[in-house]
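As a starting point, one isolated chain is supplied in C-alpha cells, in the form predicted alone.
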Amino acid sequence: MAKPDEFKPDPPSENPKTEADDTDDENGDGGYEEEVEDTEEDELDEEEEDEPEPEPRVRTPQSAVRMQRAKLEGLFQRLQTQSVPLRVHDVLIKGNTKTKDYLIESEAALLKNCTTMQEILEVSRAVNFRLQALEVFDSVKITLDSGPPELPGTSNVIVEVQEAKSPLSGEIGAYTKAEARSSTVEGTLKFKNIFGHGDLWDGSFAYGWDHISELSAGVHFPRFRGSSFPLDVRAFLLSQDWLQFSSFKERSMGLSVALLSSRNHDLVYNLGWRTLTDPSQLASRSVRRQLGHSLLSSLKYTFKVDRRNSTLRPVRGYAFAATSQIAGLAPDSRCSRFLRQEVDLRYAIPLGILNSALNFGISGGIVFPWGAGFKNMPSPLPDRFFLGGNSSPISSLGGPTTVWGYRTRGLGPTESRRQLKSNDGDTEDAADPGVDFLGGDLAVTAFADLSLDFPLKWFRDRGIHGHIFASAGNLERLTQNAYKDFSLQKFVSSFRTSVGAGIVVPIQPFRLEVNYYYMMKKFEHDRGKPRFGVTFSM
C-alpha cells in the first residue's frame, strides 16, 4: 500500500514580489531595479547641482615669493652640480653718455667666448672689477637677459654703467717715510674721463717740512688708440734726502713712459736729469766723486707671476719676478751707462696644523757699468743695492732690499766721512763724523718664515697670527776691478743673519708686524741690534 505523499511547503523566494511587482513584470516595465537606478541618478544630479563650483585659486604675495625662491634654489643646485650650456649672443651697453663704447666693449670682449652659464657668471665678475678699476664709473651692473627666440640657448649680457657725477677727485694725507729723514704731507688731484677715453689726468705732490720731496703730473689711457695695452706718461720732479746714511741728496726731474703694461709684463722708458749734492760737506771720497749732474736714459722690463693664495699671509703657491734695466740710451757723455738685473723667488708650503705654513724666499741683484773703460768705472751711486729697512720680505717682490732687524741702509760696504778740523785747527779733537754706506754691486738676501694660528678663536677670526723667522743677506762691490778679488766663500761667510718672532695683523691692504729681532751675526758699522720693531708692508 502506497504511502501518501508528505506535504512540503515551497521554499520562500529570495526576492519576494508584491502584487504590484507581479503586475509590473507581467507588463515588462523594468520593475524595481529600474526604479532604484532612476532614483540614484536623480539624487546624484541634485547633489551635483547643489555642490558649489570650485573658486579659482588666488596666488598670494607670499606664495609667489616661495615659488620664486624654489625656482632660484633649483637653478643654484643645477649650477653647482652640472654645466648649463649658454652662449652670449650680444653685449648691450647702457648708461654711458660720455665714455666711448669701444672702451667698455674691449673690457667685456671676453664674455663672447663663454659657452656655459657658470663661465658667463665668472667672467662677468672679472669684467665688473676691471670696469670699476678704470675709476670713471660710480657703479657697474651686469645682468643676463634671454637671447632672441629664434636662437635658443643664447643670452644677451647687459652692461649698465653710471658715470662719475664729478670728474674731479682728490686725496691728502700725512706720512712718515722710513727711508727719509722727515715726514711728508702728500696729496693727489685727479681729473677723470675728460675726453671720454677713460683718461685720468692727475697731479701729485709730497712736501717735507723743509723741502718738496716730489712733484709730478701725468696722464693714463687704459686703451690707447684701441690697443689692448694702457699708456702712462708722467713728468716728475723728485728730491730724496740720504744725508743721514750716505751724505748726499738726490734731485731728479724728467719723464717716464709706460710702453707696455699687462698682468705679467711691464716695459717702462725713463728719461731724467739727476743732480747729487752734499750740503753737509762731510761726504766720503767715494761719494764726492759722484756728486754733480748726470743723465739717465733707461729701459726697464719686468716679468712677474704670483700664484700665491694671498700676499698678506701666503699659505700655498709661489711667486717669481725678474727685472732687467739697461741705461745709457743716449749719446750724451754725461749719460749713466749700466746694466741692472734683479730676481725674486717666493714659495709657500702648507703644513696642515693650525693653518701653519712655511714661507721661504731668495732675492738677488747685480749692477755693472758698460761702455768704454767700464772695468775701471764705478756703478752710479743711486742705482746700487742697499739693504735694510722697515718692510717685510714676505709681501714685497722688489729685489734684494730687506734683512729683518737692520735699519734703512744699515749694512754693507762703508767708507769714513771727511774729518773736519776743530776751531783750533786740530783734527784729532773733532767729533767722529761717522761713515757713509756705499751700497753694493752684488746683493743677495734670503729668509724663512713659519706662520701659525693662535689657539684663541678671537685671533683666528681676525686673521691675527704669529710667526717665527730667520733672514740673511750681504752686499759686495764688483766695479773698479774689485771683481778680481771677489771670493764666493768669503762672500757667503760674511752674510749678516738675524732671527726673531712676532705677531702679524693683516689690515687690508697692509701687513702689520710687531716683531722682536735678534742679530745673530753683524759687523762693526752695521746698524742693527736686538730690539722690538713695527713694520708695514703692502
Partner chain sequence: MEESRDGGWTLVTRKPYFGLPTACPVCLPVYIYLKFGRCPFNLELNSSYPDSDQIPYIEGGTYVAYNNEKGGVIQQLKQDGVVDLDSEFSSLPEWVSMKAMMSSWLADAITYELWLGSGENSAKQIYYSDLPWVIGKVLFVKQVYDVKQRFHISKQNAEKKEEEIHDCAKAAYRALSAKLGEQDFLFESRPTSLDADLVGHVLFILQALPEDSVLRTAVLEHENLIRYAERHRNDILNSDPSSASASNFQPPPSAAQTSSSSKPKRKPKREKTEEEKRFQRKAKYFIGAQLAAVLLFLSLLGSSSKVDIDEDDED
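Numbering follows the first chain given and starts at 1. This one's a predicted model, so the numbers in the text were calculated from it and none came from an experiment. The term rigid core refers to the maximal set of C-alpha atoms that superpose within 1.5 Å between the two forms.
Another form exists, predicted together with its partner chain; not displayed. Remarks below refer to it.
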Taking 4.5 angstroms as the heavy atom distance cut-off, pick the stretch from 163 to 171, 405 to 413, 261 to 269, 455 to 463 that is near its partner chain in the predicted bound form.
261 to 269
Is residue 91 close enough to touch its partner chain in the predicted bound form, meaning at least one heavy atom pair within 4.5 Å?
no
Although its partner chain is absent from this view, report whether residue 376 comes within 4.5 Å of it in the predicted bound form, heavy atoms only.
yes
State yes or no: in the predicted bound form, is some non-hydrogen atom of residue 333 no more than 4.5 angstroms from a non-hydrogen atom of its partner chain?
yes
Non-hydrogen atom contact residue 68 with its partner chain in the predicted bound form at 4.5 angstroms:
no
Its partner chain in the predicted bound form has a heavy atom of only one listed residue within 4.5 Å, and of 117, 322, 200, 295 that residue is 295
Here the chain is shown alone; which of 194, 185, 255, 291 has a heavy atom within 4.5 Å of its partner chain in the predicted bound form?
291
Going through 268 to 283 from first to last, which residues have a non-hydrogen atom within 4.5 Å of its partner chain in the predicted bound form?
273, 276, 277, 278, 281
Residue 123: after superposing the rigid core, is there a C-alpha shift of 2 Å or more between the shown form and the other one?
yes
Quick check: residue 114 between the shown form and the other one - does its CA shift reach 2 Å or more after fitting the rigid core?
yes
Rigid core fitted, then: does residue 334 show a CA shift of 2 angstroms or greater between the shown form and the other one?
yes
